[in-house]
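Given next are two forms of a protein chain, the same chain in both, each as structure tokens and marked structure 1 or structure 2.
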Structure 1
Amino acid sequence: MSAIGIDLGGTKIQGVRVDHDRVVSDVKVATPTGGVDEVVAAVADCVRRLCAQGGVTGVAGVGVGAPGVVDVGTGDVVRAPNLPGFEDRVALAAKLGDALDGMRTVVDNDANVAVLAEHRVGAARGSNDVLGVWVGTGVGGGLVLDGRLRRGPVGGAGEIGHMAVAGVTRRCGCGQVGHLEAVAGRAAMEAEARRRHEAGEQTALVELAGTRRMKSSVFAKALEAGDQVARQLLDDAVVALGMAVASAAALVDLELVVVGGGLADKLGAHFVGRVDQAVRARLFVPTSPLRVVPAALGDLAGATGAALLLDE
């Protein structure tokens, strides 16, 4: 089977063409900021380019991974605050299908499709009970239970970023107190670094980033340079990830945890190894064979998983 997959992000649109579970071509464009119609047109353009690019078989359809809440049944994006124009419900599958002469179109949450990809063709191949944890600007997640993507009654499953962490009192972007994302998300760490800087602490994080966004590479560089604030923030993130993943394992029992996302990818296998230790030290069933491993598909996980939706 050949299918097109699109990872529709707040800053970029990543597209791939997948033939028999293998990525054969890919495209990337900046996400337009002019609203829904522009975004749909840009996605349709990516799809047409990928259809034109090689592959001997026909294309079965296009799958889209979108940030935020997705109604998988209708293919509507219910709410995606990080996509301009998607603050309210958008019938994305229908609009995209219209723009593509009726091509089959399915939509799911971006974190869900990324774990689907790692499960089918990435680091979690062969494991039946898998949690994907995506550490980037925020902390997202997706869950495969008994070999199938878990969506849940309102499509809300997998949100490990909004699980509580012991001892934490910081407020999360969602309004609640003490969530994982409030400690381990890049944006929350940036906010904390700037708070400490304003309170008089010296940190390479602010020196390197200046007034611009504190990118994942800034955290990697500051850590390498031995910066104390960066070290403390990442130590806290590792402990929080350990607690939240151990909570998840206590609730559903897991075989494998895959850690990816912009910040985790940039910090590399050493960071994921530390999370593995933090999780294992906290498992309620100490004989559990649970392991934490780095994601294998990097930037293309979302788009690849979106394509795999077509023969899920």
Structure 2
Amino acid sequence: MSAIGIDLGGTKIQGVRVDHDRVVSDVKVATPTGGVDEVVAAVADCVRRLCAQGGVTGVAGVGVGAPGVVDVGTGDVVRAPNLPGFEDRVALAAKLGDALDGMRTVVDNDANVAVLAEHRVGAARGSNDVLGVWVGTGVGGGLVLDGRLRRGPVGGAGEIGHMAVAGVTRRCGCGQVGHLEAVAGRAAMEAEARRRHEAGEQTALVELAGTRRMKSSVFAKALEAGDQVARQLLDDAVVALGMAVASAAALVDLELVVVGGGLADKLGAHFVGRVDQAVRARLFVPTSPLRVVPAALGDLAGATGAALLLDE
């Protein structure tokens, strides 16, 4: 029987239909900016399109990976600052289930489902202690310890984007100052690039993006063109990621870190290699066999893992 997986991001909604751990079809739409009802309607539309593709009649249900803190027991998104309308608790599973005429619906954190997919069918297969770091609109994280996904008592385990990092003074989207996401998240880097541009500093980032969102491809193009602002922002992001991942490794003694997300995927293995070097330079145990590797499943990791939730 098929399962539908939805990766609900700040920029896009990615959906897949999975049969026997294999993606057989996918759809992608832009995330609406008008609030909860628009987002639920867009997700429901993706699910219906996936159900219709190939004449599927047997669908076990839909799993959703959502940003922020998720109450897995209720399917509520407790807080997702990067998603319009989700600043306070939203009963996402109940709302989506109603929109889909009672279809079984489960919700988990987007980084959790992405690391679940990489652990089961991706770059982390065979590893028992894994941290997934997803560098996109924000910075998400998920933990697998002793071979099992670790959520924590309030569902916040692995939220590395909201780890405090020394030297970071920018305000995070959650309202706190000094978090990793405030320097390594794409949205935060865009805000800083535009601030510098308004202050008179020329940057290809603004020239390429104009008034539109500064997508990951814009950062890649600006970096390739030798843009100094893009280089500085990404240098700062690499250092901050190195600090945060090394701190996580000191706390739970990891064997593997998988780095993915829209920005990391677009910048490629060189970016992940730089993060690996930044981590290794800060490890408490220099001889640790910890490896930092690129995610294997690309854009489909979150949606694939969301579908796999139906098997949990």
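Being a predicted model, the structure only gives us computed values, none of them experimental. For clarity, a rigid core is taken as the largest C-alpha set superposing within 1.5 Å between two forms. Sequence positions of structure 1, starting at 1, serve as the residue numbers.
The form predicted together with another copy of the chain is represented by structure 1; structure 2 is the other form. Rigid-part membership between structures 1 and 2 differs between G126 and L100 [C-alpha given to the better-fitting superposition]. Superposing C-alpha atoms between structures 1 and 2 reveals a rigid-body rotation of the smaller part against the larger of 16 degrees. The rigid core superposition between structures 1 and 2 gives a CA shift for R89 of 5.0 Å.
If you overlay the core, the Cα of V107 moves by 2.8 Å between structures 1 and 2.
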